[in-house]
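In the block that follows, a single chain appears as structure tokens, in the form predicted alone.
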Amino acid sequence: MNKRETFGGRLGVIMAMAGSAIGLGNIWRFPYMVGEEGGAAFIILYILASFLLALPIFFSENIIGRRSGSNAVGAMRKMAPGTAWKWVGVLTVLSPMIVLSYYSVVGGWSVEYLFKALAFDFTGVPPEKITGFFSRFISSTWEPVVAHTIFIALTAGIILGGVRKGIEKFSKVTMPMLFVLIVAITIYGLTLPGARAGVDYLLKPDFSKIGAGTIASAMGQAFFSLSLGVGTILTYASYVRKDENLLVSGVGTAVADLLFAILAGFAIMPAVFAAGIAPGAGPGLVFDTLPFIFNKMGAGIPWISAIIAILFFLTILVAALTSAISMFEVGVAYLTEEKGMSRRLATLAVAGGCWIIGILCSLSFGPLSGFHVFGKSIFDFLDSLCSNWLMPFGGLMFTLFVGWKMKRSDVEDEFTNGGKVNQKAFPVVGFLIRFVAPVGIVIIFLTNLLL
């Protein structure tokens, strides 16, 4: 049995957890979801979903992970021996591998755009040509596959470093850098001509646009953004020391995730309106919009705009990596602890499986675009499967397990560190875990079935 590592301290815990949460879900997915779902009204629903639904699930995964000190499968088997709960653990090992497979394709897009920025491809180019970059790139055969491969290799390299020297060290360095860069881009985006319309779109809610689908989408985005229901938080929590305050790390992670998502919205949406791009343009929104911004930046000095472009696409790549390593670690922890593999072999096995499925996802924008699963491309099908079904189901199982299967005294003991902290907050958190979160998840399921 390999000796288990732990995070070094509270800063490492918060940075790693926040790194898991802050990623493409904030920079890539959140802006286009806001665009598709009507702007400010969606943001309000998303904030409510984050605290009333997502945070209780986050706490549930933390309680299970730290209490068991084990990977997802081992945790459920250890805490509910001889029961069917172990299959929840199996599902939460498979789910992040599916997410990582298509997530790494988007991560590959950030790799490609970083290369383009380094080559000054966005400097001095007419806007109409810039907006065509993305569609031409994703519909090609080899370029996106190569970029996807590079992204998987980068993720595997960090994982090989282990928990403290790999995951924690990477997160501590990159998370502060992400916030500095996103704030800088946001400030510039707000100065663009026509940006005011984008600000209004984000700040003035139109509640007439809220429907059952909008509510379900806001809840689903909260799941996706915080990496819930797929064992990533559970696995990270198994590396958390017993004296860490779960309330502080949980709220800190949720606030950081929300702040970053809203900053990303203000970085992207004003520029979308300034560029004359439809806010509901879909998954390519960020990659169509950002090059337009960089082409306008630098006060006519090409090398300045090129440096800004390089820094921002580096930001997107780093954000993608911080989330990818958390999903990657779920499979690696399972294979090392349950199957006795070395960390190196487990890393290669996870990388290989995600790489193969990711190739199919990448090709679904090009040569395999005519192949559909239940009316969706391979990429869209896996995204819908995970975001609308697997992640909510995993979250439901975790809240039911903590809220109704575990002894209340054990849950309280874990959340309060043996009665030393969070005693006043526990009744509220317990109520949210037992009642509010499960009801919210059932609403997601019913909405997805009826729509």
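The numbering used is simple: start at 1 and walk along the sequence shown. Since the model is a prediction, treat every value here as computed from it, not as a measurement.
In what follows, reference is made to the form predicted in complex with a small molecule, a form of this protein that is not presented.
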I98, T235 and L335 each touching the small molecule in the model of the complex (heavy atom, 4.5 Å): no
The unique member of M327, A271, A75, A264 whose heavy atoms fall within 4.5 Å of the small molecule in the model of the complex: M327
Heavy atom within 4.5 Å of the small molecule in the model of the complex: which of M33, M391, I57, I63? M391
Partner absent here, but in the model of the complex, which of 219-227, 108-116, 305-313, 181-189 has residues with a heavy atom within 4.5 Å of the small molecule? 219-227
Would A21 sit within 4.5 Å of the small molecule in the model of the complex, counting heavy atoms only? yes
In the model of the complex, is there a heavy atom of the small molecule that lies within 4.5 Å of any heavy atom of S323, even though the partner is absent here? yes
Please determine whether N26 contacts the small molecule in the model of the complex, using a 4.5 Å cut-off between heavy atoms. yes
Examine Y103 and determine whether its closest non-hydrogen atom to the small molecule in the model of the complex is within 4.5 angstroms. yes
